[in-house]
Structure formats: C-alpha cells, structure tokens
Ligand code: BES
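Coming up is one lone chain in structure tokens, specifically the form predicted alone.
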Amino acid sequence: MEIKVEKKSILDIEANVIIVNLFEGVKSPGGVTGIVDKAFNNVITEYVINKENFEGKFADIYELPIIEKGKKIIVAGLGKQQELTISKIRDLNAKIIRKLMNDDNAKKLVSILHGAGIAGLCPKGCAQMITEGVISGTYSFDKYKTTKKENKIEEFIICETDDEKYERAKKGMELGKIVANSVNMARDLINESSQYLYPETLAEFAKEHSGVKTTVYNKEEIKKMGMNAFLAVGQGSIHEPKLIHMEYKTDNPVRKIAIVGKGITFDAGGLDLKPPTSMLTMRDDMSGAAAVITTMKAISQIRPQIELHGIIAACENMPSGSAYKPGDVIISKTGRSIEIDNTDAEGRVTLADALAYAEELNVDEIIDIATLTGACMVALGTVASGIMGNNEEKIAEFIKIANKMGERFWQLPMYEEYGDTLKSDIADTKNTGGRMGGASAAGIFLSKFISKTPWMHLDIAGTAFLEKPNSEGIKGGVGIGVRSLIKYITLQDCDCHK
C-alpha cells in the first residue's frame, strides 16, 4: 500500500473512498467536509447528521455509499474539538483502515488532513499520525498462519491545497512511515517465537536491520569485560549470551545518549521456575531490546545531530545443571557484589552490567527500557508504564513527550526505604527482596550501578504485551517506548503535540 500527500482538492482525486470528519455536535459541516457535503447534495447534513443522528463522537465511523457517483464516503467522528490530541488521530486512522482493508471496493482512499483545520494542530504532526495509524492498522503477525491477513487497499492519499500545510504534511508523512515501520518491526521481534529468536539470532538481526554500526561480543569477550552478572543469568541456557553494541554517530553531536534494552529472549525464571501460565508469553521479555534495535533503525533514517548508543545484554534465563542458583554471590562489572535472592529477578542483574558498560561510554544520559517487574504491572496495569531515575528534569521531559505520543508513563518513587529489602548479610546487595514496593526496589537496585550519569529507567512490564487489542487494534507485542524514545532523542521541533 502506497501512502502519499497530494496538493489537490479532495474532489479532484480519483478514489473509491473519501474520508472526511465531524467534530461532536456539529450540525452544519464546514471546511473540506462541507465541500464534500455540498458536492454530494448535502448528503452528510441531511442523511448522516439529521436522519441517522450521527453525533461525531470520537472514533465513531459512519460508512455512506454514494451509488450514483461510484464512491463511498467515510465520516469519522473527532469528538469534542478541545479534546482532540495528536495521538488520537493515529488511533482514529488505525480504526478506519481496519474497517476498509478487506473491502473489495476500497482500493484507493483519499483523506482529509484530520486535525489541521479548525482544531489548529500542526499539519506535519497530523500527517505523521495519519500515516502511523494507517500502517499500524494493517499490522498482523501471521508469519506462521496458512491464511494471511489481506490488505486490499492499494493507495492512501492525504490531500491538502494550502502550500505551507502541504509541505509540512509531506515531511510528517515521511516521518510517520519511519516511526510506524520501526514500531511494527519491534512488534515482529516481540511476537517471534523464542525457538527462532534467541541471543545469537537477535544479534544477527541487529547487525542486519539496525542501519548503524553494530558490534556483537561473545561469551569470552564479555567475560574479559568483567560482566559476570550478565553471564551468570545466561549460564543455564544452551544459547550463548551476546552483548550487542549499536552506534550512531555524527560530527559535533549536540548530545550523547545511551539506550539500554533488557534482552532476555526467553525467561523461564531459572531455578526459581515460573508457573506455566506466567511462562507462556515470556518471549516478550526482550521487548526492551526490540525497542532499542528499532529506535536505532529509525534514528539512522532521521539522522539527528546526536551520538546514540544502543546496548543489549542478550541471554536466556533457563533452569539446568549449570544455571545460577539462589544464594550465589556474583561480582558485577562495577565490582559491586550481588547475592541472588531469586533467579527470576534476572533482568536487573543483566542490566546492572549493561548500565555499567553504557556509563563507560561517557554519554550525557542513559535510558534503560525493560519488562522488569510484575510489581509495576500490579501498580499500573496495562494502561501505563513506570518511570524512575536520578534526574527529575529529564523524567518530567520524557513523561511530557511520551504522553503526547500516546504512551503513558507514571513516575514511581525511589525513596531510600525501598532499598532496605535489598540489604544482604554476605554481599553488597541482594537482587530482590520483599513483595511490597517491588518496582521501586528494582529501580533502587539499578541505581547502584550508575555512578554519576543522568539516568532514567522505563519499566514496561505491563504495557509491552497485551492479551486484548488496544486503541490501535494491536494484540500481542506492542512496541511500547519506540515512539517516545524517537521523539525524545531527536527533539523534533513541532508545535502539534498538545
């Protein structure tokens, strides 16, 4: 399916489907919707609004066939004007495209630039969100199904006649393609079976698809770096751990960032074995790694004036005769000793060494993203991800940006008292403690392996993999964090995000 922006009136484009919109409560459509209404004998006003009582509530869709013209009109509800946000435009278009993609009579679609009219949103952002919604709405992971999900739409055109809006919309559309394809790539990685995606194959994927310089370190090289905590987690698996380091560099970067993704390609819990139902979707325990790889891919295409490092300590957490054990004491890369209280609290153990490695790169800030704690899932459910760190200003900035991109993050406290459960009689720290405040305790644990660099920790345990479809219709791997990381890292200057 081709997506493009054309500088033409919506009535001058040959299409099977015309997509317009209405705000809630509007009785007499204006703008482009009004133009379409008049061209088709006021059918929107007289039939859709007056006869069918279409109210324009957000994401309500009215499908109106116009037999005499051989076209179909889709009227999409935008909800209340003051409540329309840029991310809602993405959700709306995902729903529209899912409705039409199996329609034999919907080969070529033409759409109004939702949000760029009286709503006053930035044309670039609106076009980006329309594009993201269209691409996201067609997503499915049907690699192993004999019957594939079919998309019969051949072309999707966003129309805009104003010169300035048209130019900005084109840029937004191109950015939307980069972001949406990166998110879908992350979803593919998360949904892939762990029998095919393990540390070696994840590393190969990063090398082939990240679009940046990628170095992969083997077990012996990792050992020489002193990353014993990382190696301990992976020693129960037949698959060798891999340390993946991706690099994007430009001359005179305005800032240097490292993003660190948890890369447990399957988590059985180790010797503290998970219950079968909890283990079923543990192929998603590398969602942080997927976010890092695909963010690096996007950054290589957007090419901002920064230096960016992507770090993944990839391994499996499996039970075997060689697996690490409760009670083991491990010396991490920083020299800090860790008593293993529970082998199923493995992600933070790998991240301890990965964060230490990242700090040695002398970057300006470090962000880790991880499906880290069930406690975060209990606290925030599947609605929001947790965020913690050692720099309040950066945390506030990230939360603001993420909310604009439709990804909610909620700051959890890191009070010193949460670290009390991590005290050990025989080591510097335990890897876990009591049940209470588990997400914050994990954040405290990670903070011990950062000495001075500004750092944020994103706990996506509840939002990375969904059992029921979200507002975009996505079930399974979500690709959470990719959009927010791209926006935060590039600091795109756009006034659309409110």
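Predicted model, so just to flag it, every value in this text is computed and none were measured. Throughout, we count residues from 1 along the sequence that is shown.
Missing here is the form predicted in complex with the named molecule; even so, the following discussion is about that form.
Of the residues A461, I49, V32, L446, just one reaches the named molecule in the model of the complex with a heavy atom at 4.5 Å or closer; this is A461. Checking M282, M185, I74, L361 for any heavy atom within 4.5 Å of the named molecule in the model of the complex turns up a single hit: M282. Taken together, the three residues D267, A375 and T432 all come within 4.5 Å of the named molecule in the model of the complex, as judged by their closest heavy atom. Screening 134 to 142, 117 to 125, 282 to 290, 149 to 157 for residues having heavy atoms within 4.5 Å of the named molecule in the model of the complex returns a single hit, 282 to 290. Residue contact check for E200: none of its heavy atoms lie within 4.5 Å of the named molecule in the model of the complex. Using a 4.5 angstroms threshold between heavy atoms, K297 stays clear of the named molecule in the model of the complex. Taking non-hydrogen atoms only, K219 never approaches the named molecule to within 4.5 angstroms in the model of the complex.
Proximity of A345 to the named molecule in the model of the complex: non-hydrogen atoms within 4.5 Å are present. Applying a 4.5 Å heavy atom cutoff to the named molecule in the model of the complex picks out K262, D267, K274 from 245 to 280, in order along the sequence.
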